[in-house]
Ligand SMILES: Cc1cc2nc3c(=O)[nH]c(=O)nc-3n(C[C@H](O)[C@H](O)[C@H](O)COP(=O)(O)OP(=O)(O)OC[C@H]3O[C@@H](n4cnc5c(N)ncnc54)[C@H](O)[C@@H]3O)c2cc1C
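First comes one chain, alone, set out as structure tokens in the form predicted alone.
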């Protein structure tokens, strides 16, 4: 039965999985290619089932203390005039219990909760996996080879573990026809917990600053097929974004000027990962590596947190029998994943106007919404799908006695 687990990726899903595996008595090693914990990134949401997972981890109070406290969102025109404003939680479909934090803050919380109990290998990468009857022989870029009972990829959309164990990502990554870039920039607009959105046909620019930030974050979203850019060619990616947005209007050129100097930069296609199964032999996938819903769903973090909880819990409940646990993991997560991926596909098309009329009409609808007698019904239609997707799983209590009378806490010990 499995006792040792290697997890690839130290962002959200990896440390969350390590937390639960350690609690259930497994020995866990986390490998991360970055030289240190990456604390940048965009704002993210914890909703529905993920709120319950964070609470069971004892991290919910800390997450609430780190909330972004975003107050308002406004659409602006080329001159910077606020055409319409609304509460941030309404536009983002956020309920009262939901929590919005910066990705880096949540990553730090998860690392702090596991660093004393879990082995972390930073600046390291897996180069080979050879599965056998008794374990997985793993070769590393720098460290000596080791053998683990199980290996889990929690290493994102372009998962290295998925490529090694399941094959080329072209089989699984589905480009939705958009590109996105997120970068740290100067807060030259003096935003205070406010978010601004500027749209032109085929392009959306979003900039905001939270309560914790001295600077700001800018998002550039545009309709375009996936480009064959090298993922590590950051200079090429920045040049590509600049080419697509230069001259778009409003503050866009000034925001683009901040890209060249910033180290806080992300670029990728807007894609989903769709797989018939998230396990193969002794290898499993968690979070974006197995079922990325795309950023437009707002549910990538929640899927990773819940997936980590379920996978670790099923391994504990099965007494380390990975065959039984992996099958149960798929059964428990399948509907939840499908609902959230559907949400992502539906949302992305609403984030970019196809023409000027559509952009104008969207603003007008937001203006009249508060005055409509059926306002509540419209708001429910906006928020309902998010809430439904976020709660589309009933979490088991893996702490209860299982199998031969032992509790899940004792299994694997």
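Quick caveat: nothing in here was measured; it's all calculated off a predicted structure. Numbering follows the first chain given and starts at 1.
The form predicted together with the named molecule exists for this protein as well; it is not shown, and the discussion that follows is about that form.
Heavy atom contact within 4.5 Å of the named molecule in the model of the complex, the stretch among 193 to 201, 292 to 300, 170 to 178, 269 to 277: Selected range: 292 to 300.
Candidate spot 38, 160 and 304, all three touching the named molecule in the model of the complex (heavy atom, 4.5 Å): Result yes, every residue of the spot touches the named molecule.
Interface residue in the model of the complex among 56, 367, 64, 33, criterion: non-hydrogen atom within 4.5 angstroms of the named molecule: Filtering the options by heavy-atom distance leaves 33.
Contact residue in the model of the complex, chosen from 154, 151, 312, 337 - any heavy atom within 4.5 Å of the named molecule: That would be 154.
Interface membership of residue 182, the named molecule in the model of the complex, 4.5 Å heavy atom rule: Output for residue 182 is yes: heavy atoms within 4.5 Å of the named molecule.
is_contact(residue 103, the named molecule) in the model of the complex, heavy atom dist at most 4.5 Å: Yes - in the model of the complex, heavy atoms of residue 103 and the named molecule come within 4.5 Å of each other.
is_contact(residue 12, the named molecule) in the model of the complex, heavy atom dist at most 4.5 Å: Within the cut-off, so yes.
Residue 125: touches the named molecule in the model of the complex, heavy atom cutoff 4.5 angstroms: Yes, contact at 4.5 Å.
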